[in-house]
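One chain is shown next in structure tokens, namely the form predicted on its own.
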């Protein structure tokens, strides 16, 4: 297992929700991305100060991650999603099958989303019609949600994307 990370917190996280499904079923309909993100976000947002706002923000970020896994095009295997909560952060951990030759796209995008200059890279990616979709999505999550990102390769056949988001602290 290898790791690539941005600014990480050492805070403990408490499990909130876990789901798993066959990737083939998930990929049978594009709407599953939206349906799953809405369902999961509503389930874990009921106890927040503004549950509707919290669910909407979390659902939007989660939907982006589900879309990344959908675009991986790797049907054999399982999709696994964990939602946990730490002090002021929601953690989304999404594992999906991903061929080793495709994983470099996510590592490159994760590197671009970390450190200084991420906003400039995000704006450049939006303006460039040849930008890789993974770049735009991961940069967008880092910039728009003030999220930190961690990638883990799972035995060369899957990828886990971990996103920490300060949902309660977001202004918009």
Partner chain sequence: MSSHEPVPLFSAQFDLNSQEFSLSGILRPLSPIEIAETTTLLEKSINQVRGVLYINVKRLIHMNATAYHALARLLVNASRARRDIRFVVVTSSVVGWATRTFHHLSAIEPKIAVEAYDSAFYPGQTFVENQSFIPILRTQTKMTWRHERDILPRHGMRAGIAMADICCGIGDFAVLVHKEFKPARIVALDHSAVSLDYARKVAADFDIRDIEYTYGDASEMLLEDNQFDLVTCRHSLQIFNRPDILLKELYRICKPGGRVYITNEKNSHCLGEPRAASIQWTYNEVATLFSHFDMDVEMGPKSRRLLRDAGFEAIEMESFMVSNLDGDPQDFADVVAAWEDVYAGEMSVRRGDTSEFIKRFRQGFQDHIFAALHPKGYAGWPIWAASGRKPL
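Small disclaimer: the values here were computed from a predicted structure and weren't measured. Residue numbers count along the first chain shown, from 1.
This protein has a second form, the form predicted in complex with its partner chain, left out of what is shown; the following refers to that one.
Within 4.5 Å of some heavy atom of its partner chain in the predicted bound form lies at least one heavy atom of residue 145. The closest heavy atom approach of residue 43 to its partner chain in the predicted bound form falls outside 4.5 Å. Proximity of residue 110 to its partner chain in the predicted bound form: non-hydrogen atoms within 4.5 Å are absent; the residue sits far from the partner. Contact check for residue 105: no non-hydrogen atom falls within 4.5 Å of its partner chain in the predicted bound form. Judged against its partner chain in the predicted bound form with a 4.5 angstroms heavy atom cut-off, the residues 20, 24 and 89 are out of contact without exception. Residue 119 is the only one in 87-121 with at least one heavy atom within 4.5 Å of its partner chain in the predicted bound form.
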